[in-house]
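Okay, so here's just one chain, in structure tokens, the form predicted on its own.
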Amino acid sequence: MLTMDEIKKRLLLEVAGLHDIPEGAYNIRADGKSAGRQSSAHITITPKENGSGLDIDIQPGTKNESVHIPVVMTQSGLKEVVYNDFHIGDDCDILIVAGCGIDNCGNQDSQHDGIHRFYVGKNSRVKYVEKHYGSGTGSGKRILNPVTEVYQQENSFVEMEMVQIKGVDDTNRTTNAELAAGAKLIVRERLMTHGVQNAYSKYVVNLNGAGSSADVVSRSVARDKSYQTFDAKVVGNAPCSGHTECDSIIMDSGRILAIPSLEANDLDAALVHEAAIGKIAGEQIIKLLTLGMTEAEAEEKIINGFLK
């Protein structure tokens, strides 16, 4: 593994929780190049021949193992598109940790577009954690446009944790999922924007098999003059159950647009959506003020609890 400076180490800690080289399989990408890669006995990481990303092959029956594929960028003006394909065999139980951190101290925009495709075998369980983070004092933007495609075979289970809390100027997140019979998908998105940042999240989940289910929930906070769009569609093509929810706090001059959408193409498709946007309740602030907090401290306490 290449030596990394303190800024890159900080970014790795923010997006992947890494203090050191992780156990198991990993690929760490820094400023457009591999900074370290390791396969394991059951997980093989292979660079694509055209250099545009990785193929990650996970053998059937692999359990209690992890794959880390974080990206860090500190070079102002760098723009890249990376394709990572995960081929997950039957009867697996694994953790996949991704995410991207950009520190931009220059005047040019820095951008990472990561396209992740997951092919999940029968009866497999996958937890996927993707965190985005931005920092730096430059006028150049920090732009992240992740695309996630999930193809779940029978009775598979996928849990996705999508987090963006600080520093990303523009993001366009697109997630598409196709679920076979008995497959289950859980998505938990946590998002905060500030300044004049923009964030667009779009989810389309097709429940194609009998007994398939999806639960897509977003919690977000829009501060200052930032703008968010949450666009979630669940399509029931078989006897299935689906739920989508947007729960948002608006502050200052922030704006939020929620677009929940359901499409039932089967008599036994049970689909529900919920959306709520509002400001922090005054009684919550007052209660914390009586405990000795300032109003700003009370707001931060409430927001941190909301986004946990």
Partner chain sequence: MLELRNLSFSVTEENRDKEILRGISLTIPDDKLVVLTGPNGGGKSTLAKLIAGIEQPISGQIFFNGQDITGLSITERARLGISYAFQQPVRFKGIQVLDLIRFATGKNTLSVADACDYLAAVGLCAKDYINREVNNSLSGGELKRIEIATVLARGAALSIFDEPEAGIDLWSFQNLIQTFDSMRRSIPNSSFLIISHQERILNIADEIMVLADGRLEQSGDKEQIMSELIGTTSAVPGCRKVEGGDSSVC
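Numbering follows the first chain given and starts at 1. A quick note: this is a predicted structure, and the numbers were derived from the prediction, not measured.
The next section is about a form of this same protein that is not shown, the form predicted in complex with the partner chain.
Taking non-hydrogen atoms only, residue 4 never approaches the partner chain to within 4.5 angstroms in the predicted bound form. Among heavy atoms of residue 288, some come within 4.5 Å of the partner chain in the predicted bound form. Though the partner is left out of this view, residue 23 does not reach within 4.5 Å of the partner chain in the predicted bound form, counting heavy atoms only. Although the partner is absent here, residue 219 lies within 4.5 Å of the partner chain in the predicted bound form, judged by heavy atoms. Residues 247, 284 and 302 are all found to lie within 4.5 Å of the partner chain in the predicted bound form, as judged by heavy atom distances. Heavy atoms within 4.5 Å of the partner chain in the predicted bound form map, among the stretches 34-42, 252-260, 276-284, 48-56, onto 276-284 alone. Contact residues in stretch 291-308 (any heavy atom within 4.5 Å of the partner chain, taken in the predicted bound form) are 291, 292, 293, 294, 297, 301, 302, 305, 306, 308.
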